[in-house]
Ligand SMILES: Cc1cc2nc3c(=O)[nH]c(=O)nc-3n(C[C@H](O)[C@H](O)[C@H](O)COP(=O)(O)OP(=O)(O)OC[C@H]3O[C@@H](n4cnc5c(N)ncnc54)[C@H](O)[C@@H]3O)c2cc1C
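One chain comes next, on its own, written out as structure tokens in the form predicted alone.
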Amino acid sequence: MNAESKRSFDVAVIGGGPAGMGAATVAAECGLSVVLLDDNPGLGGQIWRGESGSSKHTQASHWFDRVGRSSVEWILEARVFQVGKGHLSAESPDTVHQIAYSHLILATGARERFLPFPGWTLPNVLGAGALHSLIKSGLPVEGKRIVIAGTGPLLLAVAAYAREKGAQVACIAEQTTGAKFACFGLSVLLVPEELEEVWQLAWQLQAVPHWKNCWPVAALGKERLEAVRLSHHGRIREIASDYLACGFHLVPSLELAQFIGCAIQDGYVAVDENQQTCIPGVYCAGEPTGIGGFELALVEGQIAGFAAANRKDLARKLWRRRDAGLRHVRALRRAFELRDELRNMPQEDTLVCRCEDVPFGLLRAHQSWQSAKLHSRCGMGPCQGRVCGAAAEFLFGWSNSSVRPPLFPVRCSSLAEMPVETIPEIHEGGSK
């Protein structure tokens, strides 16, 4: 049986990325007892993975140092699988953590949306953010030809990092139009803190073809990726490639927020000016409230941490910075909105749910996510719809709002150690 840890804190923060680090740190600096839980082996989330210690990123260094000097208690490699009123359960490799809290801050981040096309399940076809993380973890890419495709500024950051590690970036295939991309570039000029990063990326990528109106239509190869077929201004290009990294926006991780009953508006957690959800004492910050990058996530996290500590005077001082970040988010959405042509990428036999081998043609016969799930097992595999659900939302306009416990696969022994009073009742459509 697992060892069990029972603790009580003023504030529990779920998620160790920039938003969670900011929230936990300022709450602890205000005198509260704070626990920060994350399912990764280190803090920083995806954006600052591996940045602790000798970081080149000034912001990352500052916040790693600051949280390290604070009284925040970290629990890493701990996946929260149950949240109730004032209590949560998290499973780590050898322990089940039972945490009681007075305030909860959700900073659960986001994941990549991967849109299916012929060959997308071949080895070495992966998400843009996933490639970034793998290279940071030691994947050797020196001399490898890489095509980076999809949409948004993340593609540029991944391309620059891959080149820094010796990769040959064959091209960046950006699905948006040149005009929209130019408008976004002008909007960045109004955000002074991002100018240095933009100029640095432009310098690093000056030799890399950056094609607009371009997206993948097929990944080619027998046992692994050998070439990528792209549509560029309506013409087909074929490029030899060792890796294809795709990213079609980020999708907020809403499972925990939905599970405890937070209101969802336009696909994101609805919060007030202090990042509080519709549930008193429950706050949300970062990507679940709107995809806006680490700068906005940091500000929102600090607002949530100050509000949880009842220092709303300090939270209010950050509102203007948050509002400026939100304007930048709106510019991002306008510039990189997914075009309708991308819905034509999959063919009838292209797998959409790769866990359960469900093809696009079979799903087209259904009118909802629930119907597709019942008749085809789409979304019932190990990822529980976290990959195919986001794809189906874009391809068919389906919504998946049903969240049931446990939120993630856990050991039966971990479930057995949950306090009886925290076990939720199951009702139609989710837990209550």
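In this text, all values refer to a predicted model and were calculated from it rather than measured experimentally. Numbers for residues come from their place in the sequence shown, where the first is 1.
Beyond the structure shown, there is the form predicted in complex with this ligand, which is absent from this document and is the topic of what follows.
Query raised in the report: Which listed residue (Arg322, His132, His210, His97) meets the criterion of a heavy atom within 4.5 Å of this ligand in the predicted complex?
Result: Of the candidates Arg322, His132, His210, His97, His132 is the one lying within 4.5 Å of this ligand in the predicted complex.
Query - Single option in Ser61, Gln370, Asn40, Gln384 placed near this ligand in the predicted complex, where near means a heavy atom within 4.5 Å - result: Checked against the cut-off, the match is Asn40.
Requested in this report: Go through 174 to 182, 312 to 320, 139 to 147, 249 to 257 and give me the stretch that gets within 4.5 Å of this ligand in the predicted complex, heavy atoms only.
Outcome: Every other range fails; the passing one is 249 to 257.
Report task. Mark Gly286 yes when one of its heavy atoms lies within 4.5 Å of a heavy atom of this ligand in the predicted complex, and no otherwise. Result -> Heavy-atom contact with this ligand at 4.5 Å: present for Gly286.
Query raised in the report: With the partner left out of view, is Ile14 within 4.5 angstroms of this ligand in the predicted complex by any non-hydrogen atom?
Result: The answer is yes: Ile14 has a heavy atom within 4.5 Å of this ligand.
Query raised in the report: So, in the predicted complex, is Leu32 in contact with this ligand at a 4.5 angstroms heavy atom limit?
Result: Leu32: no contact with this ligand in the predicted complex.
Query raised in the report: Thr108 near this ligand in the predicted complex, any heavy atom under 4.5 Å?
Result: So Thr108 counts as contacting this ligand.
Query raised in the report: Looking at this ligand in the predicted complex, which residues in 215 to 234 have at least one heavy atom within 4.5 Å of it?
Result: The stretch does not touch the partner at all.
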